[in-house]
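Single chain ahead, written as structure tokens, the form predicted alone.
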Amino acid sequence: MSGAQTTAGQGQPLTDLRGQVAIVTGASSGIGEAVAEALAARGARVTLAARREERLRALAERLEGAGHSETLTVRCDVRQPVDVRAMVQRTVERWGQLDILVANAGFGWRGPLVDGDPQRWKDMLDTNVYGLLLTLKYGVSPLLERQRGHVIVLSSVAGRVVTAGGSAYCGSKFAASAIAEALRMEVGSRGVRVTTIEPGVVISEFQRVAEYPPEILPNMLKGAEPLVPADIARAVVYALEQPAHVGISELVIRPTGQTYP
């Protein structure tokens, strides 16, 4: 009995990411770039996917110049099925496997609903929801074939707390969290883990693209120090490195002093 207690207390060893193959969408900036860098530093081979090829090439050169593992750059618009299929196919052809899928591509836009720009709504929903569905549809299949692997879905606290001006963005992130949870239920028994990451305020080019008015961040932070992409990358690595039987279903990561949202 004492031996069993000791073994249980010690637990299983952490998952070694060296040699694993990962795809990171939206890798050209912000959280995606930081996650790709963190995975490469752990010895994973990483497919860097995004629309901005020049940024991907610069990131690949930086990672390989730092002595990290191999990278593959793939121009991918997650709204296009042909692009997503090609991203997955090129990854498997290059390394013969896929172990980690980080569905990070997305962007935000804020504004009162009645003043909304329908084209901006469509672009955002096509990326944050339809693009996520496509990424998971084609990216999860290689994991199921091997009955192992890990999916990371980047959602947001906007997927659990609605804010004025965030109707379309919050809606897209509520959808992302729901999609990830449904996937977890569908594939967990087949050896694939799914983790939803929901960050609070993370300073990146996100705020500029979302056209945040100047008062938004101070109102959210109330003087708190914001997060940076590397903070989220550490959380991703934490989830991935857990033993195979440990599923971190959801991580909400806010600046310590952020109480809203």
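Quantities reported herein were computed from a predicted structural model and do not represent experimental measurements. A residue's number is simply how far along the shown sequence it sits, counting from 1.
Below, we refer to the form predicted in complex with a small molecule, which is not included among the displayed structures.
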inquiry  = By the heavy atom within 4.5 Å rule, which residue out of Val46, Val194, Val236, Ile31 makes contact with the small molecule in the predicted complex?
reply    = Ile31
ask   = With the cut-off set at 4.5 Å between non-hydrogen atoms, does Gly106 touch the small molecule in the predicted complex?
value = yes
ask   = Going by a heavy atom distance of 4.5 Å, is Glu205 a contact of the small molecule in the predicted complex?
value = yes
task = Using a 4.5 Å heavy atom cut-off, state whether Glu181 contacts the small molecule in the predicted complex.
result = no
message = Against the small molecule in the predicted complex, would Lys173 count as a contact residue? Criterion: heavy atoms within 4.5 Å.
response = yes
ask   = Which one of these stretches, 75-83, 114-122, 89-97, 137-145, sits within 4.5 Å of the small molecule in the predicted complex when only heavy atoms are counted?
value = 75-83
inquiry  = Whether Arg52, Thr127 and Gly200 jointly form a contact site for the small molecule in the predicted complex is the question; each needs a heavy atom within 4.5 Å.
reply    = yes
